[in-house]
Ligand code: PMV
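One chain comes next, on its own, written out as structure tokens in the form predicted alone.
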Amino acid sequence: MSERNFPSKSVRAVAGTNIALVKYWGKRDAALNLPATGSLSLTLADFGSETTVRFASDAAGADGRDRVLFGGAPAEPRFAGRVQRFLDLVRDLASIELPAEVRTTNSVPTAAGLASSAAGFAALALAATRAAGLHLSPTELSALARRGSGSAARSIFGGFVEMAAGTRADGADAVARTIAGEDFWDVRLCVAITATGEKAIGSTPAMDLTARTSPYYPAWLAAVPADLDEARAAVRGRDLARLGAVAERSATRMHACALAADPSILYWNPATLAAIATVKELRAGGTAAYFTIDAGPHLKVLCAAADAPTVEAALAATPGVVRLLTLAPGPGARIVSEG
């Protein structure tokens, strides 16, 4: 079909962010965004991104390039560039050259260590491919979303999701899959936000610095497969104590590895440490609560749904916690309108 006859349509998709319980930290191929290890995460409901994409000859901005809007305003150049490069991948797949208009809104603070890029690129992958006339399988979407953000591969799917590192050079097997759907286990993730604004160093440069300079990096890589086996079994057995233990171990090892980089990478702040202490106090008092921390200062606490009010109250009383969110498991990326 010629581009003159291309059936331009606007497609809106949403995707939830996901929080890794077994982390990946480092890439085996930066160009293809291939992770050095597998990972296991929980996709969250009502916390993510909504993206609308339209390919058309009149979609370009004043500079002739894709028009990228974030929150209704022109996106800052770095983010717009990432989106435009991702759209080039979609255009190659669809054999079109049309510019696109992209409108994105986030319910997740951007670049703060709350996986906003995971939700954003998962929603973009689905909306852009459908707007380009493609109907990719979830596995194909996962591989594509990974090119925009490594963790976006997981947000294509709902519930508990495992991401494979893969072994192929082309990355075709570095994709995610659901191991337990969003209705499988009634758990909650309580998010204690301990700072405002963007983090000091982005995940990608921090991973690269860690891989190049941390003496602990080889040990980190070696430990992940056993953590994945443990976490997978814990999810399938609905064993919160077992899953919580591996989540805390994975998070603290990841941050220890980054802390040993040169120069050192430290994402935590005093409120992060105070919130960790709160979680340990909860557990000592009989409440099953377990923390994880991504590349940022915020603490996420995994607990049973029935215990969420107790965990919320304790975190709210923790010095330095500025905001609390309690989130349930959620579905994968999905189309909400097309036409």
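Everything quoted here is computed from the prediction, not taken from an experiment. When you see a residue number, it is the position in the sequence shown, counting from 1.
Below: the form predicted in complex with this ligand, not depicted.
message: Quick check on this chain: which one of 102, 254, 193, 243 has a heavy atom within 4.5 Å of this ligand in the predicted bound form?
response: Comparing distances to this ligand in the predicted bound form, the residue within 4.5 Å is 254.
query: Just one of 204, 213, 264, 269 has a heavy atom within 4.5 Å of this ligand in the predicted bound form. Which one?
result: Checked against the cut-off, the match is 204.
query: Counting only non-hydrogen atoms, which stretch in 92 to 100, 168 to 176, 143 to 151, 222 to 230 is within 4.5 Å of this ligand in the predicted bound form?
result: Flagged stretch: 143 to 151.
message: When the contact criterion is heavy atoms within 4.5 Å, does residue 295 count as touching this ligand in the predicted bound form?
response: Yes.
message: in the predicted bound form, is there a heavy atom of this ligand that lies within 4.5 Å of any heavy atom of residue 117, even though the partner is absent here?
response: Output for residue 117 is yes: heavy atoms within 4.5 Å of this ligand.
field: Distance check, residue 20 to this ligand in the predicted bound form, heavy atom within 4.5 Å
entry: Although this ligand is absent here, residue 20 would touch it in the predicted bound form, with heavy atoms inside 4.5 Å.
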